[in-house]
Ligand code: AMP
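Take a look at this single chain in structure tokens; it is the form predicted on its own.
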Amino acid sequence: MNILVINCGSSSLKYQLIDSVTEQVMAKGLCERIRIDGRLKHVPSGRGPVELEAPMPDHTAAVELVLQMLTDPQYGVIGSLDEIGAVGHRIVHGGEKFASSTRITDEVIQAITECNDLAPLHNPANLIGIASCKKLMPQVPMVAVFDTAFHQTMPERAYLYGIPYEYYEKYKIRKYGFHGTSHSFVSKHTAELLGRDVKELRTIVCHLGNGASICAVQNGVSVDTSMGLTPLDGLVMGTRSGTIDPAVIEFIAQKEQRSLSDVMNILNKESGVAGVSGVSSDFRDLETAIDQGNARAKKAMDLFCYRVAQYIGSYTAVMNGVDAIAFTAGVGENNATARAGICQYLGYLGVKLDPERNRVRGEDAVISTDDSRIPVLVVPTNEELAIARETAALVQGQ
């Protein structure tokens, strides 16, 4: 079965067509500048990329163009839309309503809509993607795969906030966590690489990119994670502040004569390693600046590594030990400096990083020494494949 995976943003649309049997990517691409002018980069398997500009007044037009490219005689990979067996949609927030992936129905769409206030920048765009696909492929089964679903196994003590309980009862204000599809995929693949059963492991997954989160996975399920009600909580990230004293918000607003909205924008888009360094949110730029002697860039990198190590220590305590630590996502997979900076704090766990093995970029690898008490791995994430697997399992299982 061929699965079309759709990841719809407010002005963009990422896609992959995956053969669910071989798990090969038949084609992938990105539509950008939707509602502005429209740009498409389409990459069919085994061939070079195709880039073009085309009007995309809305997401339906973008999906229509994607389907045209997939079936194009020159650039396509399938003969007709009949060869698409199902569509898997990435949905950012499922609230408490969804603890697993689900077939999309009118009732499911309504439930996702009710979560819009929890992810106002993401869920409405995800819903637009669903509506566009339903319009163009009304007979094709569709599945919603939620970023938050994997974390619905967290116990109350992990997800409740220390605020009046009525706010949880009335508004469901609690920790939800994100990157769940990635954390699930990486924890399972880590177990495979170690030749172990994921249900017998305590794994800490470090999803480190421009957005970053850490997850404690015990016996195959999430028991805690660093992001909260929104993706702003937790680690210092590319442009997000991560966890801070809440009073900082009022303090900045008063001192700078800024509105609440202004300060929240600062915390989301002007903070993190970009705000501390004054250089960039891109860790490659940070490394270059550090090599050039930029002290603030060094402060930002040190802060990031320190905070990641803090969470690893915290989640080791939560699980009463750890059996494996996995690094994934853009920084986790590719930045040896950050991995080394984090692991320097983990000697108390018996972690020993192998400098030569740590040079690896973007491929499965054990980067700790043979005598390291805890194995440390690089495990590239593959959220699209995880979505395709979930979609195929649901569609074929019914």
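The model shown is predicted, which means the values in this text are computed figures rather than measured ones. Just count from 1 along the sequence shown to find any residue number.
The form predicted together with the ligand exists for this protein as well; it is not shown, and the discussion that follows is about that form.
Although the partner is absent here, V63 lies well away from the ligand in the predicted complex, with no heavy atom inside 4.5 Å. Not displayed here, the ligand is approached by V331 to within 4.5 Å at the level of heavy atoms in the predicted complex. Among residues of the shown chain, F283 is one whose heavy atoms approach the ligand to within 4.5 Å in the predicted complex. Looking at R361, you'd find a heavy atom of it within 4.5 angstroms of the ligand in the predicted complex. Distance criterion of 4.5 Å from any heavy atom to the ligand in the predicted complex singles out N210 from the list N268, T153, N294, N210. In plain terms, the part of the chain that comes close to the ligand in the predicted complex, with a heavy atom within 4.5 Å, is 331-339 out of 25-33, 331-339, 53-61, 352-360.
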